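The form predicted on its own is given below as one chain in structure tokens.
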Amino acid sequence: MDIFQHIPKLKSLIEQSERIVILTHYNPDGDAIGSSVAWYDYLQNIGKNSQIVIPNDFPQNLKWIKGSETALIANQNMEKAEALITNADLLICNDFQSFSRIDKLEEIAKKSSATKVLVDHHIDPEIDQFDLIFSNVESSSTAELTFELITRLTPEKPVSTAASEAIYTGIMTDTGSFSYSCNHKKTFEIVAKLIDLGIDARCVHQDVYNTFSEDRMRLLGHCLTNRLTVLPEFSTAYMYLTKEDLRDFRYVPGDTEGIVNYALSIKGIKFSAFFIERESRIRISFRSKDEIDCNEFAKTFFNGGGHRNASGGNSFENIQETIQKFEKLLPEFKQKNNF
């Protein structure tokens, strides 16, 4: 099915809407922020009133992205966020496949009378929650899909340099700097177009990956030195952080981004996990190689999901019980995935 057949309908919805809200998921990453900013930039450039609303704050190393400063952080001003969503004509639901991903905004968004448009690349979208769906699991990122949509909406008008930088950030971060989920020619063709539009790929990489704080670097060192467990018999490694660890290393949003990937760089390791203790839950990131389906693992056992090789989940047991459960599941998981 050609998902772009509904472009005329999307264009008509945008033209008819006076109040447009761009929503993205809890703990927004580079793809969520990059694609949201691209939509905001596009809508501003065609004279439309729009507002990005995100459930909670986003990482410091993404705040250089032009337009990100306009985002309303809902948990800092829930009253205004609720009013914007409730009174919107159109909700662009960006980089999430279910309203459960937007935390405390879930019921507000569901109750809104706005037309709800999904733009996403995750598997198993909750199609009954949305009025118009642009979902493509073959896209490297929602940012890539956003670029395709915007260029089809106004083919006569090039994407701005600012939006191109935001889109490149989304693609780059959601593919681990082009190391996974990007084995398609189209992704690199779009990157080439972004460079033609004026981005400096080297500078974007520098701004995203080489601007971390000293505290973040020491937190990474702590993870690798003191919190890493390797289970070679299961081709698995995992790390964890307690609430005390986060406090001791003065954690800020974004400091743990990408740490789960380090375990996969160990020879022979094909499956990794990263457990982070929060106030009300254990947040878990999973990564895998080749055909190993960590999405199914996250969905079945840890109330989560995502992609085949990159997914997340939650546990409402304590961190010791969560890790014990994870280890007990490994023999069956390895046998099922034949690794």
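Throughout, we count residues from 1 along the sequence that is shown. Note that the structure is a prediction, hence the values are computed from the model and not measured.
Only in words, not in the display: the form predicted together with a small molecule, which the text now covers.
Although the partner is absent here, His307 lies within 4.5 Å of the small molecule in the predicted complex, judged by heavy atoms.
Proximity of Gly313 to the small molecule in the predicted complex falls within the 4.5 Å heavy atom cutoff.
At least one heavy atom of His122 is located within 4.5 Å of the small molecule in the predicted complex.
Mapping the unseen interface onto this chain, Ser272 falls outside it, with no heavy atom inside 4.5 Å of the small molecule in the predicted complex. Contact with the small molecule in the predicted complex, defined as a heavy atom within 4.5 Å, holds for exactly one of Gln60, Thr70, Asn45, Asn303, namely Asn303. Residue-level contacts in the predicted complex: of Gln97, Ser164, Thr236, Ser140, one residue has a heavy atom within 4.5 Å of the small molecule, and it is Gln97. For the small molecule in the predicted complex, the listed stretch (228-236, 245-253, 97-105, 127-135) containing residues with heavy atoms inside 4.5 Å is 97-105.
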